[in-house]
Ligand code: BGC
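One chain is shown next in C-alpha coordinates, namely the form predicted alone.
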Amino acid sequence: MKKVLVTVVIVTALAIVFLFGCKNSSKVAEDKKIKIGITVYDQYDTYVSELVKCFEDIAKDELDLVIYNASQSQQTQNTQVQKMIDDGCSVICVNLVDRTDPSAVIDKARKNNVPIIFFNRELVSGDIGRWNKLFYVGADAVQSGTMQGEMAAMSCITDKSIDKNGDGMIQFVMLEGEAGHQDSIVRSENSVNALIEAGIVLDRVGYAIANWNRAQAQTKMAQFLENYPGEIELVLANNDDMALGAIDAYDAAEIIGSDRPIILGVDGTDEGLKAVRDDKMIGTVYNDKEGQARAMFRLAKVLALGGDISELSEEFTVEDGKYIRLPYAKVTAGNVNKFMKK
(Lines give C-alpha, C1' and ligand atoms only; values in the text may rest on other atoms or scores of the structure.)
Protein backbone atom coordinates (compact mmCIF):
# COMPACT_ATOMS: atom_id res chain seq x y z
CA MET A 1 0.00 0.00 0.00
CA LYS A 2 2.83 2.35 0.88
CA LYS A 3 4.58 1.54 -2.40
CA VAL A 4 1.40 2.39 -4.32
CA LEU A 5 1.03 5.69 -2.41
CA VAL A 6 4.66 6.67 -3.10
CA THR A 7 4.23 5.83 -6.76
CA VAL A 8 1.08 7.97 -6.98
CA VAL A 9 2.84 10.91 -5.31
CA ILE A 10 5.82 10.66 -7.68
CA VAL A 11 3.62 10.40 -10.77
CA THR A 12 1.53 13.33 -9.59
CA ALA A 13 4.64 15.41 -8.92
CA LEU A 14 6.08 14.61 -12.35
CA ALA A 15 2.78 15.47 -13.98
CA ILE A 16 2.71 18.85 -12.25
CA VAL A 17 6.29 19.57 -13.28
CA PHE A 18 5.53 18.48 -16.85
CA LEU A 19 2.41 20.62 -17.07
CA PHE A 20 4.02 23.73 -15.63
CA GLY A 21 7.08 23.13 -17.76
CA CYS A 22 4.96 22.94 -20.89
CA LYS A 23 3.07 26.06 -19.89
CA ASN A 24 6.27 27.98 -19.28
CA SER A 25 7.73 26.74 -22.58
CA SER A 26 4.60 27.89 -24.36
CA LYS A 27 4.89 31.28 -22.69
CA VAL A 28 8.50 31.57 -23.83
CA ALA A 29 7.47 30.63 -27.37
CA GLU A 30 4.70 33.25 -27.29
CA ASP A 31 7.04 35.92 -25.98
CA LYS A 32 9.81 35.19 -28.47
CA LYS A 33 9.77 37.79 -31.23
CA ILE A 34 10.16 36.98 -34.91
CA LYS A 35 13.69 37.93 -36.01
CA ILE A 36 13.95 40.05 -39.14
CA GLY A 37 17.20 41.17 -40.79
CA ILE A 38 17.72 44.42 -42.70
CA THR A 39 20.69 45.49 -44.81
CA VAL A 40 20.88 48.92 -46.49
CA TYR A 41 23.17 50.02 -49.28
CA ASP A 42 24.30 53.11 -47.36
CA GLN A 43 23.10 54.25 -43.94
CA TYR A 44 24.03 57.83 -44.83
CA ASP A 45 21.37 58.00 -47.54
CA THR A 46 18.87 60.30 -45.84
CA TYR A 47 15.71 58.81 -47.28
CA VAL A 48 16.76 55.21 -46.63
CA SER A 49 17.73 56.00 -43.03
CA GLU A 50 14.37 57.71 -42.43
CA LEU A 51 12.52 54.75 -43.98
CA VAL A 52 14.36 52.26 -41.76
CA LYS A 53 13.65 54.44 -38.71
CA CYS A 54 9.93 54.29 -39.57
CA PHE A 55 10.19 50.51 -39.86
CA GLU A 56 11.89 50.30 -36.46
CA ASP A 57 9.20 52.45 -34.84
CA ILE A 58 6.41 50.28 -36.25
CA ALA A 59 8.06 46.92 -35.55
CA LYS A 60 9.85 47.46 -32.23
CA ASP A 61 7.14 45.89 -30.07
CA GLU A 62 6.56 42.85 -32.31
CA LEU A 63 9.76 42.03 -34.18
CA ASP A 64 13.39 41.49 -33.23
CA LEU A 65 15.37 43.53 -35.76
CA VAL A 66 19.02 43.32 -36.78
CA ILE A 67 20.20 46.10 -39.09
CA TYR A 68 23.38 46.27 -41.18
CA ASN A 69 25.00 48.95 -43.33
CA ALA A 70 26.64 47.62 -46.50
CA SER A 71 28.58 50.87 -47.04
CA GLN A 72 28.01 50.72 -50.81
CA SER A 73 29.72 47.33 -51.13
CA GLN A 74 27.76 44.47 -52.69
CA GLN A 75 30.32 41.98 -51.41
CA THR A 76 29.82 43.28 -47.87
CA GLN A 77 26.06 43.02 -48.29
CA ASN A 78 26.33 39.42 -49.51
CA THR A 79 28.27 38.55 -46.34
CA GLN A 80 25.69 40.33 -44.18
CA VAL A 81 22.86 38.34 -45.75
CA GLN A 82 24.65 35.07 -44.95
CA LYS A 83 25.22 36.19 -41.36
CA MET A 84 21.54 37.08 -40.92
CA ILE A 85 20.57 33.67 -42.26
CA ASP A 86 23.05 31.97 -39.91
CA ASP A 87 21.66 34.00 -37.01
CA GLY A 88 18.16 32.68 -37.59
CA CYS A 89 16.38 35.56 -39.30
CA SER A 90 13.00 34.42 -40.64
CA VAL A 91 12.88 37.10 -43.35
CA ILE A 92 15.55 39.45 -44.70
CA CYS A 93 14.87 42.95 -46.08
CA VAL A 94 17.47 44.06 -48.64
CA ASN A 95 18.14 47.55 -49.94
CA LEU A 96 20.44 46.39 -52.76
CA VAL A 97 23.81 48.01 -53.32
CA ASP A 98 23.89 46.91 -56.95
CA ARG A 99 20.40 46.32 -58.34
CA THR A 100 21.91 44.47 -61.31
CA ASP A 101 23.81 41.97 -59.16
CA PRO A 102 21.44 40.27 -56.68
CA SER A 103 22.50 36.70 -57.54
CA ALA A 104 24.50 35.97 -54.38
CA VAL A 105 21.72 37.35 -52.16
CA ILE A 106 19.04 35.34 -53.95
CA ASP A 107 21.09 32.13 -54.01
CA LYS A 108 21.87 32.29 -50.29
CA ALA A 109 18.24 32.96 -49.39
CA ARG A 110 16.89 30.25 -51.66
CA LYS A 111 19.36 27.65 -50.40
CA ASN A 112 18.21 28.32 -46.83
CA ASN A 113 14.53 28.94 -47.67
CA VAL A 114 14.54 32.47 -46.22
CA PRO A 115 12.20 34.94 -48.01
CA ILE A 116 13.66 38.24 -49.22
CA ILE A 117 11.89 41.60 -49.30
CA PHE A 118 13.84 43.97 -51.54
CA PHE A 119 13.01 47.62 -50.90
CA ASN A 120 13.63 51.11 -52.28
CA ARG A 121 16.21 49.99 -54.88
CA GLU A 122 14.29 47.80 -57.30
CA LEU A 123 16.05 44.82 -58.83
CA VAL A 124 15.65 43.86 -62.48
CA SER A 125 12.27 42.24 -63.19
CA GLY A 126 13.86 39.06 -64.52
CA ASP A 127 15.69 38.53 -61.24
CA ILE A 128 12.67 38.85 -58.97
CA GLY A 129 11.05 36.00 -60.90
CA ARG A 130 13.87 33.58 -60.08
CA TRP A 131 12.14 32.34 -56.91
CA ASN A 132 8.64 32.52 -55.48
CA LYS A 133 9.82 34.01 -52.18
CA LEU A 134 11.29 37.23 -53.59
CA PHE A 135 9.28 40.44 -53.16
CA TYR A 136 9.63 44.20 -53.60
CA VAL A 137 8.27 47.15 -51.62
CA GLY A 138 8.75 50.63 -53.03
CA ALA A 139 7.16 53.12 -55.40
CA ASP A 140 6.79 53.83 -59.11
CA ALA A 141 9.77 55.91 -60.26
CA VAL A 142 7.90 57.05 -63.36
CA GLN A 143 5.29 58.74 -61.20
CA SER A 144 7.92 60.64 -59.20
CA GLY A 145 9.59 62.04 -62.31
CA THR A 146 6.30 62.99 -63.89
CA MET A 147 5.07 64.76 -60.75
CA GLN A 148 8.33 66.68 -60.39
CA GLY A 149 8.14 67.82 -64.01
CA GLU A 150 4.48 68.81 -63.65
CA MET A 151 5.23 70.97 -60.61
CA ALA A 152 8.14 72.63 -62.41
CA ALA A 153 5.98 73.24 -65.48
CA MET A 154 3.18 74.79 -63.44
CA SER A 155 5.67 77.17 -61.83
CA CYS A 156 7.08 78.18 -65.22
CA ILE A 157 3.60 78.75 -66.65
CA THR A 158 2.27 80.79 -63.72
CA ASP A 159 5.46 82.77 -62.99
CA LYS A 160 6.98 84.27 -66.14
CA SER A 161 9.84 85.79 -64.12
CA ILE A 162 11.44 82.33 -63.94
CA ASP A 163 12.56 82.90 -67.55
CA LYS A 164 15.04 85.50 -66.37
CA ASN A 165 16.57 86.31 -69.77
CA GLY A 166 13.20 86.31 -71.53
CA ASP A 167 14.37 84.06 -74.36
CA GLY A 168 11.28 81.85 -74.22
CA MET A 169 13.30 78.89 -72.99
CA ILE A 170 14.06 77.56 -69.53
CA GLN A 171 17.76 76.94 -68.99
CA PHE A 172 18.03 74.02 -66.58
CA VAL A 173 20.44 71.73 -64.75
CA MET A 174 19.80 68.05 -64.03
CA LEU A 175 21.37 66.49 -60.92
CA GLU A 176 21.10 62.74 -61.38
CA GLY A 177 21.36 60.23 -58.56
CA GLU A 178 23.46 57.33 -59.74
CA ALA A 179 24.84 56.07 -63.04
CA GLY A 180 22.69 53.23 -64.37
CA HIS A 181 20.24 53.30 -61.47
CA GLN A 182 16.66 52.78 -62.59
CA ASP A 183 15.15 55.52 -60.42
CA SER A 184 17.76 58.02 -61.61
CA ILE A 185 17.15 57.33 -65.27
CA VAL A 186 13.37 57.18 -64.98
CA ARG A 187 13.05 60.26 -62.76
CA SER A 188 15.25 62.31 -65.09
CA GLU A 189 13.52 61.26 -68.30
CA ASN A 190 9.99 61.68 -67.02
CA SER A 191 10.53 65.02 -65.31
CA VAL A 192 11.83 66.44 -68.60
CA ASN A 193 9.06 64.78 -70.61
CA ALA A 194 6.39 66.27 -68.32
CA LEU A 195 7.82 69.76 -68.84
CA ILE A 196 7.91 69.32 -72.60
CA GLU A 197 4.35 67.96 -72.69
CA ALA A 198 3.24 71.05 -70.77
CA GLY A 199 4.67 73.21 -73.55
CA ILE A 200 7.85 74.35 -71.79
CA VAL A 201 10.82 74.81 -74.11
CA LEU A 202 13.95 73.56 -72.37
CA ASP A 203 17.64 74.24 -72.77
CA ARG A 204 19.81 71.91 -70.68
CA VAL A 205 22.98 73.75 -69.72
CA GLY A 206 24.23 71.29 -67.12
CA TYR A 207 24.04 67.62 -66.18
CA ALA A 208 25.88 65.77 -63.42
CA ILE A 209 25.86 62.50 -61.52
CA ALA A 210 25.92 63.33 -57.80
CA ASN A 211 25.15 59.86 -56.35
CA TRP A 212 22.19 60.99 -54.24
CA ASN A 213 24.70 62.93 -52.13
CA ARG A 214 24.29 66.48 -50.82
CA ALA A 215 28.00 67.34 -50.72
CA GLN A 216 28.63 66.00 -54.22
CA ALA A 217 25.66 67.95 -55.53
CA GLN A 218 26.98 71.14 -53.94
CA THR A 219 30.35 70.64 -55.64
CA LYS A 220 28.76 69.97 -59.04
CA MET A 221 26.41 72.92 -58.68
CA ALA A 222 29.26 75.26 -57.72
CA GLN A 223 30.97 74.33 -61.00
CA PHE A 224 27.81 75.11 -62.96
CA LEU A 225 27.57 78.52 -61.26
CA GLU A 226 31.08 79.31 -62.44
CA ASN A 227 30.44 78.07 -65.97
CA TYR A 228 26.97 79.58 -66.40
CA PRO A 229 26.77 82.63 -64.13
CA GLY A 230 23.24 83.99 -63.94
CA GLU A 231 21.98 81.62 -66.65
CA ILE A 232 20.41 78.76 -64.68
CA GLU A 233 16.64 79.09 -64.25
CA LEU A 234 15.65 75.60 -63.06
CA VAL A 235 17.34 72.79 -61.13
CA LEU A 236 15.83 69.31 -61.24
CA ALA A 237 17.35 66.95 -58.68
CA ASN A 238 16.56 63.22 -58.46
CA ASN A 239 16.33 63.47 -54.66
CA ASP A 240 16.07 66.04 -51.89
CA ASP A 241 19.66 65.67 -50.71
CA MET A 242 20.95 66.76 -54.11
CA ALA A 243 18.42 69.59 -54.26
CA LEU A 244 19.68 70.72 -50.86
CA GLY A 245 23.23 70.49 -52.18
CA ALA A 246 22.26 72.89 -54.97
CA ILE A 247 20.82 75.27 -52.37
CA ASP A 248 24.07 75.01 -50.40
CA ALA A 249 26.02 76.04 -53.50
CA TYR A 250 23.87 79.16 -53.92
CA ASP A 251 24.22 79.95 -50.22
CA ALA A 252 28.01 79.64 -50.45
CA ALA A 253 28.05 81.89 -53.51
CA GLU A 254 25.85 84.40 -51.65
CA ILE A 255 23.32 84.44 -54.47
CA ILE A 256 19.93 85.30 -53.04
CA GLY A 257 16.30 85.95 -53.87
CA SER A 258 15.18 86.29 -57.46
CA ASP A 259 18.71 85.63 -58.74
CA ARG A 260 18.29 81.98 -57.84
CA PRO A 261 16.58 79.38 -60.04
CA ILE A 262 13.61 77.32 -58.90
CA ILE A 263 14.77 74.03 -57.39
CA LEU A 264 12.84 70.76 -57.03
CA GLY A 265 13.67 67.47 -55.36
CA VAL A 266 12.15 64.05 -54.74
CA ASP A 267 11.50 62.04 -51.55
CA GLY A 268 10.07 64.46 -49.00
CA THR A 269 12.81 63.93 -46.43
CA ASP A 270 12.60 65.94 -43.22
CA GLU A 271 15.15 68.49 -44.48
CA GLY A 272 13.56 68.57 -47.91
CA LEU A 273 10.16 69.41 -46.45
CA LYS A 274 11.70 72.18 -44.35
CA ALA A 275 13.28 73.64 -47.50
CA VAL A 276 9.87 73.69 -49.20
CA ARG A 277 8.29 75.28 -46.14
CA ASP A 278 11.04 77.94 -46.08
CA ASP A 279 10.65 78.67 -49.84
CA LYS A 280 14.14 77.41 -50.68
CA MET A 281 12.65 74.67 -52.86
CA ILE A 282 9.58 75.10 -55.04
CA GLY A 283 8.53 71.54 -54.31
CA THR A 284 9.37 67.91 -53.76
CA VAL A 285 7.65 64.61 -54.47
CA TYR A 286 6.74 62.72 -51.31
CA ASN A 287 8.00 59.14 -51.28
CA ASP A 288 5.73 57.56 -48.67
CA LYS A 289 8.28 56.18 -46.20
CA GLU A 290 5.62 55.58 -43.56
CA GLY A 291 3.49 53.57 -45.97
CA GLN A 292 6.45 51.58 -47.28
CA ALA A 293 7.66 50.84 -43.75
CA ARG A 294 4.19 49.61 -42.82
CA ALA A 295 4.05 47.42 -45.93
CA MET A 296 7.47 45.94 -45.17
CA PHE A 297 6.45 45.24 -41.59
CA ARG A 298 3.17 43.59 -42.55
CA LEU A 299 4.77 41.54 -45.33
CA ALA A 300 7.74 40.44 -43.18
CA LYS A 301 5.39 39.28 -40.45
CA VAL A 302 3.11 37.40 -42.86
CA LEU A 303 6.04 35.65 -44.56
CA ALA A 304 7.70 34.77 -41.24
CA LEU A 305 4.49 33.01 -40.19
CA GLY A 306 4.36 31.02 -43.42
CA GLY A 307 1.78 33.20 -45.16
CA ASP A 308 1.65 34.77 -48.61
CA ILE A 309 1.71 38.32 -49.97
CA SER A 310 -1.85 37.82 -51.23
CA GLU A 311 -3.03 38.15 -47.62
CA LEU A 312 -2.22 41.86 -47.85
CA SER A 313 -4.23 42.53 -51.01
CA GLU A 314 -7.02 44.30 -49.13
CA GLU A 315 -4.57 46.60 -47.34
CA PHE A 316 -2.16 47.31 -50.22
CA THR A 317 -2.14 47.09 -54.00
CA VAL A 318 -0.27 43.86 -54.78
CA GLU A 319 1.08 43.53 -58.34
CA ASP A 320 1.95 40.21 -59.97
CA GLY A 321 2.13 38.52 -56.59
CA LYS A 322 5.51 40.20 -56.09
CA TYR A 323 5.24 43.96 -55.74
CA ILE A 324 3.76 46.43 -53.27
CA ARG A 325 4.12 50.01 -54.45
CA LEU A 326 2.93 53.08 -52.56
CA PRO A 327 1.93 56.22 -54.51
CA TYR A 328 3.92 59.45 -54.51
CA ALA A 329 2.41 62.86 -53.75
CA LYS A 330 3.22 66.40 -54.84
CA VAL A 331 4.44 68.69 -52.06
CA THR A 332 4.40 72.47 -52.36
CA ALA A 333 4.39 75.34 -49.90
CA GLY A 334 0.60 75.11 -49.90
CA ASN A 335 0.40 71.59 -48.44
CA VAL A 336 3.84 70.95 -46.94
CA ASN A 337 2.62 71.18 -43.33
CA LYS A 338 0.40 68.13 -43.85
CA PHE A 339 3.42 66.04 -44.77
CA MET A 340 5.59 67.45 -41.98
CA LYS A 341 3.06 66.14 -39.45
CA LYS A 342 3.34 62.52 -40.67
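One-based numbering along the sequence shown. Since we're looking at a predicted model, the values are computed, not measured.
Although it is not shown, the form predicted in complex with beta-D-glucopyranose (BGC) is what the next lines describe.
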{"property": "Contact assignment for beta-D-glucopyranose (BGC) in the model of the complex, among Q80, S188, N120, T146, heavy atom within 4.5 Å", "result": "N120"}
{"property": "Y47 within 4.5 Å of beta-D-glucopyranose (BGC) in the model of the complex, heavy atoms", "result": "yes"}
{"property": "beta-D-glucopyranose (BGC) contact in the model of the complex: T284, any heavy atom under 4.5 Å", "result": "no"}
{"property": "Partner contact for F55 in the model of the complex: beta-D-glucopyranose (BGC), 4.5 angstroms, heavy atom", "result": "no"}
{"property": "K220 within 4.5 Å of beta-D-glucopyranose (BGC) in the model of the complex, heavy atoms", "result": "no"}
{"property": "Partner-proximal stretch of 273-281, 302-310, 37-45, 59-67 relative to beta-D-glucopyranose (BGC) in the model of the complex, 4.5 angstroms, heavy atom", "result": "37-45"}
{"property": "Within 4.5 Å of beta-D-glucopyranose (BGC) in the model of the complex: residues from 242-278 (heavy atom criterion)", "result": "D267"}
